[in-house]
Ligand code: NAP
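Single chain ahead, by itself, as structure tokens, in the form predicted alone.
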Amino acid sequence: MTRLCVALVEKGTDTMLEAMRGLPREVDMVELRLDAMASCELERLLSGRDRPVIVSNRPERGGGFSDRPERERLGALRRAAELGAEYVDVELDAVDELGALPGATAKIVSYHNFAETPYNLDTIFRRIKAVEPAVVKITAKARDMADVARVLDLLRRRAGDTPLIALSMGEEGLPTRVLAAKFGAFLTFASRESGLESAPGQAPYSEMLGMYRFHQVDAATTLYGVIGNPVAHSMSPAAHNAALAALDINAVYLPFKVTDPALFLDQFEPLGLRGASVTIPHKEAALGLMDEADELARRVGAVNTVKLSEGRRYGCNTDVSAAVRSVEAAAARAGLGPLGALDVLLVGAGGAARAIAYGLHGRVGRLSIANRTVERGQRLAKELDADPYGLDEVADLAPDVLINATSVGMWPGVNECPVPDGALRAGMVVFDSVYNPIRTELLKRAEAAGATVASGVDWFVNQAAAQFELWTGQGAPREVMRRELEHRLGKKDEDAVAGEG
């Protein structure tokens, strides 16, 4: 079983013990980072432990906080062994000086690289294994998903030979932490809470146990995820993982910060990836990577959903029908009547805009398209016999429905608005495809003008549910997905307001 270890970076003995004892039993181990402590009563710390511990005393050269002489630093590790610590972690370049440990304490020998992921991971693995540690540990900074794939591949190939910890640091590295159990790692690390990480990219243990159901991940766990850049804002992991948990499906859904979607698919298919949501900026590029795509995705020129099965890649676009349903519902709430009688203005001409435009084509009374890059908007308008405009003309139009299909207003640029205030008026419907935050700047201004507004939550849930059903073959628990999304977005809004104070 792969253990979940929380790394503690408290400053004193009392706070370290308090932090340890406050962890749930589902946290299997703790790492006591002596180098983070201003003062440490080691005997009291170890006699007061309530679960197995790893004692580390990381030097500055290894990403730690200790500037003490090497003899003193390593002496603390030997003393921890004398006091019965289950494990001590020592760097490969210091293992000889540390020497043999007293008692039954096991030795983790580690390699850390905070600049890059070297290409000779197997060589590093063999060098560490040669000193006969109880556990080999390799952690390295991930610059992109290619680095992450190489670390996971090392784990997949080597974890059966020797107890192994292999992790990527940084935002990109989250998959190595969650998937440690899938590939047989000795353990994975988490933080006690956000802001208390001992290494870049650690997730809080509550997220590992909750959203990602870490202790349910095993070799048979199916892998799904969202690919985009950026992806830190995405709520897809929360919604999809809640749905997987509700139906007790052995699968996990992860965020993948991807710069090269072709390389990503090539590397992660062998690692068990079976489906992916595709977001900005890869929707259009993803179409060319498919073995097969449905007619609508080909017409739109964008894929937001990929299914990987038996060596073939199938792409489709679930944005279209989801967007049309959302616009219809908002128009009905505003009492505007059927879509066929309405004048609709679409702002944007990217992948999301194309999906909405093709969904509305032939179903609305009049379709207009406004875009910052006028030529791009004109090309899309020509495809659909729509009327093209520049953004500077939007205030002079008077549509029944205004749809924002750009990323303007999305977190973290939450104070931005895609249209001038003059484009908003009472009686119209304003639909924002952005769902994070729920109440975007556009919707706030539209409400102030007396418009009926609709957030991107409905659209998000509808398109995500269609993805879920394509991948799993089971009906999506839509209300579970909606509640999880609204809960997390609401909490995010509360945190933002608190931060303003």
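Here, rigid core means the biggest group of C-alpha atoms that superpose within 1.5 Å across both forms. None of the values given here were measured: they were computed from a predicted structure. Start at 1 with the first residue shown and count on from there.
There is another form of this protein, the form predicted together with the named molecule, and it is not shown here; the text below is about that form.
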* Verify the contact flag for Trp471: yes if a non-hydrogen atom of it lies within 4.5 Å of a non-hydrogen atom of the named molecule in the predicted bound form, no if not. => no
* Non-hydrogen atom contact Arg372 with the named molecule in the predicted bound form at 4.5 angstroms -> yes
* To do: Look up in the predicted bound form whether Thr105 has a non-hydrogen atom within 4.5 angstroms of the named molecule, and give yes or no.
  => no
* Asked: Contact between Gly456 and the named molecule in the predicted bound form at 4.5 Å, heavy atoms?
  -> yes
* Just one of Val53, Ala451, Val434, Leu45 has a heavy atom within 4.5 Å of the named molecule in the predicted bound form. Which one? -> Val434
* The unique member of Ala405, Ile165, Ile128, Ala243 whose heavy atoms fall within 4.5 Å of the named molecule in the predicted bound form -> Ala405
* in the predicted bound form, which of 74 to 82, 188 to 196, 426 to 434, 330 to 338 comes within 4.5 Å of the named molecule (heavy atoms)? -> 426 to 434
* Within 349 to 383, which residues have a heavy atom closer than or equal to 4.5 Å from the named molecule in the predicted bound form? -> Ala349, Gly350, Gly351, Ala352, Ala353, Asn371, Arg372, Thr373, Arg376
* Asked: Fitting the rigid core first, would the Cα of Arg379 be found 2 Å or more away between this form and the one not shown?
  -> yes
* **CA of Trp411, rigid core aligned, shift of 2 Å or more between this form and the one not shown** => yes
